[in-house]
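Quick heads-up: it's one chain on its own, the form predicted alone, in structure tokens.
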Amino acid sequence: MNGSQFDMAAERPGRPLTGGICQPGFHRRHRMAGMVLLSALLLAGIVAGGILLGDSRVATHLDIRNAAPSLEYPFGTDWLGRDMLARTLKGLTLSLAIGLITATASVGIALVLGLMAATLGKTVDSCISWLIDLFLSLPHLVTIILISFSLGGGVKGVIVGVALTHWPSLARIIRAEILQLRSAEFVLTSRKLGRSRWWVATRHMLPHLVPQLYVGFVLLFPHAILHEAGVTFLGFGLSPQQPAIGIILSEAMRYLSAGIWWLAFFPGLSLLIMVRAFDVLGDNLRRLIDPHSAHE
């Protein structure tokens, strides 16, 4: 095809010059495939860490303590001869469980308060908006430490602390969405027909909030996991007997000066990879759900 023929072809309507790889459907399928792959990898990590690995892998073996990474022990062993790969996987499994509980609780709190703020009048809206601004102005880590310390620490203290500090941003988004839905024609029609506020909120508004709740749930995961690890690392979270990533990193700090770098490197890298995986998963989910960015 010469230059003039190429120009004529470019001017013909309905004949896109871009190939199939640039079409929106390809990007959508690409994102979905990436989400499935990341979910499968995370699920495999949970199964491997929580089910397949027994307690014998984290038992004490003083004859192989402080062993460097090798084929038999890819993450090395610690000062008690425990397999660091098994400890890391079990710690990630525990972090995932805590992240699941805290993210679910935070989404529930955000949904309830967001619905109340947008449907129960100006007084309730002002009180909840003030509460949202108050929690957003406080440092998350400090607030979690105070809540966890007041509850005696442990799993309960960490879960309550993380759950009570990660709902404000999502609650503000839900409140804004509901305020827009209140002026929709179908909502106004239901109100004129005598439907109660609760009926309108659960039948009309809640279905429109499901995408935001899904995305918020996935994006809360990495924040909850990192804050749990941070609080535990500082000594205000889980007990030392539990194989948490924060406990592993805190114990490893005492051995870095001796050149035993693998005690902190591999658990920390695994935590960052898992957090980044949830971050990418949430971003792709947001792009698939958001109509303005679904074809980017």
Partner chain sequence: MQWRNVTVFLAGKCLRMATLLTALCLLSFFLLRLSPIDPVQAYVGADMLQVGPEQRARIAEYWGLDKPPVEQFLHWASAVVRGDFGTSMIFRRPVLSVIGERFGASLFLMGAAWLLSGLVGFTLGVIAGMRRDTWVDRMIKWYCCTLASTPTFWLGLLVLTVFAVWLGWFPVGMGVPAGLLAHEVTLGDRLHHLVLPVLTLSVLGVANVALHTREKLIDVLASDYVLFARARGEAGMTLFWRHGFRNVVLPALTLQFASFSELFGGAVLAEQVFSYPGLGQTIVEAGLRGDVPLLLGVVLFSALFVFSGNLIADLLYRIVDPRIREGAGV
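None of the values given here were measured: they were computed from a predicted structure. Numbering follows the first chain given and starts at 1.
Here the subject shifts to the form predicted in complex with the partner chain, a form of this protein not shown in this document.
Novice: Check G108, L179 and V218: does every one of them have a heavy atom within 4.5 Å of the partner chain in the predicted bound form?
Specialist: Contact check failed for every one of G108, L179 and V218.
Novice: Among 210 to 218, 95 to 103, 136 to 144, 82 to 90, which stretch sits within 4.5 Å of the partner chain in the predicted bound form, heavy atoms only?
Specialist: One stretch meets the cut-off, namely 136 to 144.
Novice: Between the options S150, T189, S196, T123, which residue brings a heavy atom to within 4.5 Å of the partner chain in the predicted bound form?
Specialist: Result of the distance check: S150.
Novice: Only one of I159, A118, L226, M205 has a non-hydrogen atom within 4.5 angstroms of the partner chain in the predicted bound form; which is it?
Specialist: Spelling it out, the residue with a heavy atom inside the cut-off is L226.
Novice: Using a 4.5 angstroms cut-off on non-hydrogen atoms, would L281 count as touching the partner chain in the predicted bound form?
Specialist: No, no contact at 4.5 Å.
Novice: Can A264 be called a contact residue for the partner chain in the predicted bound form at 4.5 Å between heavy atoms?
Specialist: Yes, A264 is a contact residue.
Novice: Check A68 for me: does it contact the partner chain in the predicted bound form (non-hydrogen atoms, 4.5 angstroms)?
Specialist: No - in the predicted bound form, heavy atoms of A68 and the partner chain never come within 4.5 Å of each other.
Novice: May I ask you to state whether A59 is within 4.5 Å of the partner chain in the predicted bound form, using heavy atom distances?
Specialist: A59: no contact with the partner chain in the predicted bound form.
Novice: Using a 4.5 Å cut-off on heavy atoms, what residues in 223 to 256 are near the partner chain in the predicted bound form?
Specialist: Contacting residues: L226, A229, G230, F233, L234, G235, F236, L249, M253, L256.
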